[in-house]
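Here's a solo chain for you in structure tokens, the form predicted on its own.
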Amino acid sequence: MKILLLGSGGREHALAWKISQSSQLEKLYVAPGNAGTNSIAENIDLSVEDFEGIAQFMLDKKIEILVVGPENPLVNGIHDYFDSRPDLTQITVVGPKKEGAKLEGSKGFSKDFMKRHRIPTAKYGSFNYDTLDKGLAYLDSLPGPYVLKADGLAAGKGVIIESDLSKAKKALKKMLKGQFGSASSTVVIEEFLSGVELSVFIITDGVNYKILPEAKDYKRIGENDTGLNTGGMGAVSPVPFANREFMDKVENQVIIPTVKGLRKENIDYSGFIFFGLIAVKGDPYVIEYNCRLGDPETEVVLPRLKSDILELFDGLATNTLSERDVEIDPRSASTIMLVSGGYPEKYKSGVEIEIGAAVNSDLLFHAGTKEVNNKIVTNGGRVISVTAYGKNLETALKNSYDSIDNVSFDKMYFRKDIGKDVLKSPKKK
């Protein structure tokens, strides 16, 4: 098979790493890719939003499968574009059409979808500038803290949590006046849920699904989950508290109703679904959906997937996903994100990265890197994700942190407490 993978982050490097292991792979291209993907695939200078350019490249190279890493092309309808052109119908797109991608692209749509299909989620209301007074009254009706979410995509920055009611009201007004551009022209206000978060992933053809390993990521820049939100500072898999009983609840109360709900509403969905969950007193509630794999969770989920990922993609292409097996590595995996000094605010790019020979480069997933004059330099806030296996999470984390000693760049920063909270959790049964 010939594959084109869209994206340039750690998720895409991990996907490229997994795809490259398949005996069915003939050629892998990544657009635009990074310094890490360039070592195992051929990087192509194409924007993920250049649908026409992507299509022409795939026709020229006779590529059979398009794997869409990031959310923007999906929300903007790349799958629909390929479906609309008769010369592209033989290409399999791994990722939903625009209507399915609204699960991520619109918080209001996803919350209404959950309500329609009785999927457990926090109490909520959706408001725009014309209904500001109703939004303020809704805040009055809730106990704090107050959760405000931009309806549209806001690069992971569209969620505000305020403990003070007056500050929450000011935040609502600011968001509706365009704090996050058109993404916050509608704001979803949610009841605050207290619990532990985790991420669950499936691949689905819209009828059948396969459950991938679960993970827990860490979004805050500072230790003990303090400071600003980031794209993710690390992740672990498996999640100790996600025992069989809990995962049965996730499947029966969340996954099955979601897949059935999509089918009932005639939403053609083919690809990954990310369930952002919170465990509240032993029960799963959905915080959010994503229409693709998460980052940095992918960097621990795919290393634990022993099955050939192209087998799963072929299952989507031939409607035989139900016949494909998913085998999970029993080992634990952890990943620590190395970031540029100053991230997630101002930071410097173009800083040379030194990678020692002792590190297992197979499990160094590049996020924000590029090659300049045969040197690897930083090209983003999140730079490299250092992943390692272990017989348990404690060992995996030790191995990840030990590997960091072999990677360095000026003002490199990472959290030193990834996974410590779940190590105190009850063991998975």
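The numbering used is simple: start at 1 and walk along the sequence shown. Bear in mind the structure is a predicted one, so any value in this text is a computation, not a measurement.
The form predicted in complex with ligand AMP is left out here; the points below concern that form.
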* Asked: Of Leu88, Ile119, Val259, Ala122, which one comes within 4.5 Å of ligand AMP in the model of the complex, counting heavy atoms only?
  -> Ala122
* Asked: Looking at Leu153, Val159, Leu142, Met114, which is the one with a non-hydrogen atom within 4.5 Å of ligand AMP in the model of the complex?
  -> Val159
* Answer range among 125-133, 171-179, 283-291, 326-334 for contact with ligand AMP, defined in the model of the complex as heavy atoms within 4.5 Å -> 283-291
* To do: Give a yes or no for Lys210: in the model of the complex, does one of its heavy atoms lie within 4.5 Å of a heavy atom belonging to ligand AMP?
  => no
* Asked: Though only this chain appears here, would Asp314 touch ligand AMP in the model of the complex if you measure heavy atom gaps against 4.5 Å?
  -> no
* **Residue contact check: Leu165 to ligand AMP in the model of the complex, 4.5 Å heavy atom** => no
* To do: Considering only heavy atoms, tell me if Lys219 and ligand AMP come within 4.5 Å of each other in the model of the complex.
  => yes
* To do: Go through 187-206 residue by residue and record those having a heavy atom within 4.5 Å of ligand AMP in the model of the complex; state none if no residue qualifies.
  => Glu190, Glu191, Phe192, Leu193, Glu197
